[in-house]
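Presented as structure tokens, the chain that follows is alone, the form predicted alone.
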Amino acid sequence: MNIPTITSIVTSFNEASDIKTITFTYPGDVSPGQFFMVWIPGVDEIPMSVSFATKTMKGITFRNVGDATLALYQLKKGDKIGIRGPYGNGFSLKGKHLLFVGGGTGIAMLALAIEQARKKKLKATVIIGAKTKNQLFFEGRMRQCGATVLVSTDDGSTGYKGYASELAKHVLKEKHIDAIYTCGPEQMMKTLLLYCKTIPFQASLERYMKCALGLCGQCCIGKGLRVCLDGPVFDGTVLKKIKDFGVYHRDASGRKILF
């Protein structure tokens, strides 16, 4: 598992502005919330959440934001990539009515968990947040699995005008929610955690990773927790004790970068 398996891209298609899904042949089971280390030959190896999974096919959905993602974005059907994983701990679904909040590309990490919840006949309310309507994706996919989907945009171009966390606050007032699951900008997730006085909470964190094996320490948060092994999904009781949650992360050199 720790040596990249070379595989070919089967499909590559745009979901929204600068956001693409790539699928590839890769057998084995994946738990919702786990991630792969994706090697782009000659460029870099980067962590990517699993957004699509069958027994033989897997997929990742990502935004074109840097050198590695640009190179991945430009690959076409038949091109080769290397895959390690899956790694990390996924989501644990508890309760009858679950609220999922995805900000930015966070809905990609949540998609498998939402579909799993619906297969278990659990009620799922999904909030998809984006800066503008051109950056929204997976809305149709989530509706197709039977989830109730609400949309928020920062500019009000569609759906609720405002942040996804603000819309979530309204939902929590109007409905009985048994648990919250979220992925997206860390400040958004920290705001959601503040709303959860007694409601179980799980969030998927993103940190710079090099090994994904817990050896390099690059993805450490709090007091010795490693996102690659102890996460990427963390429980709310743990996150409340992590002082850097929603405050800063570290770049490739280990320098603190404020959110």
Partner chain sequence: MTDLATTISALQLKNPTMLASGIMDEDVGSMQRMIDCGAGAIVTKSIGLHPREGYLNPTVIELEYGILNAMGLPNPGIDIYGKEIKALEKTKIPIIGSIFAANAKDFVTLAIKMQHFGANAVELNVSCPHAKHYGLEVGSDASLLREIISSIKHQIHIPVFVKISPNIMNLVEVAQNIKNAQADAIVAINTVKGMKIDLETGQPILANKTGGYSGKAIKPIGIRCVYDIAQNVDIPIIGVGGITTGEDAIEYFMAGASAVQIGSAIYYRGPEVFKHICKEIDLWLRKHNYKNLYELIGAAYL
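Positions refer to the first chain, counted from 1. The model shown is predicted, which means the values in this text are computed figures rather than measured ones.
Heads up, the form predicted in complex with its partner chain isn't pictured, but that's what we're talking about next.
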Exercise. Can you pick the stretch from 24 to 32, 40 to 48, 190 to 198, 57 to 65 whose heavy atoms fall within 4.5 Å of its partner chain in the model of the complex?
Worked result: 40 to 48
Exercise. Are any of the heavy atoms in D230 no more than 4.5 Å from a heavy atom of its partner chain in the model of the complex?
Worked result: yes
Exercise. Any chance T69 has a heavy atom within 4.5 Å of its partner chain in the model of the complex?
Worked result: no
Problem set entry | Non-hydrogen atom contact K80 with its partner chain in the model of the complex at 4.5 angstroms | yes
Exercise. Are any of the heavy atoms in L205 no more than 4.5 Å from a heavy atom of its partner chain in the model of the complex?
Worked result: no
Exercise. Is its partner chain in the model of the complex near all of M209, G222 and G254, within 4.5 Å of a heavy atom of each?
Worked result: yes
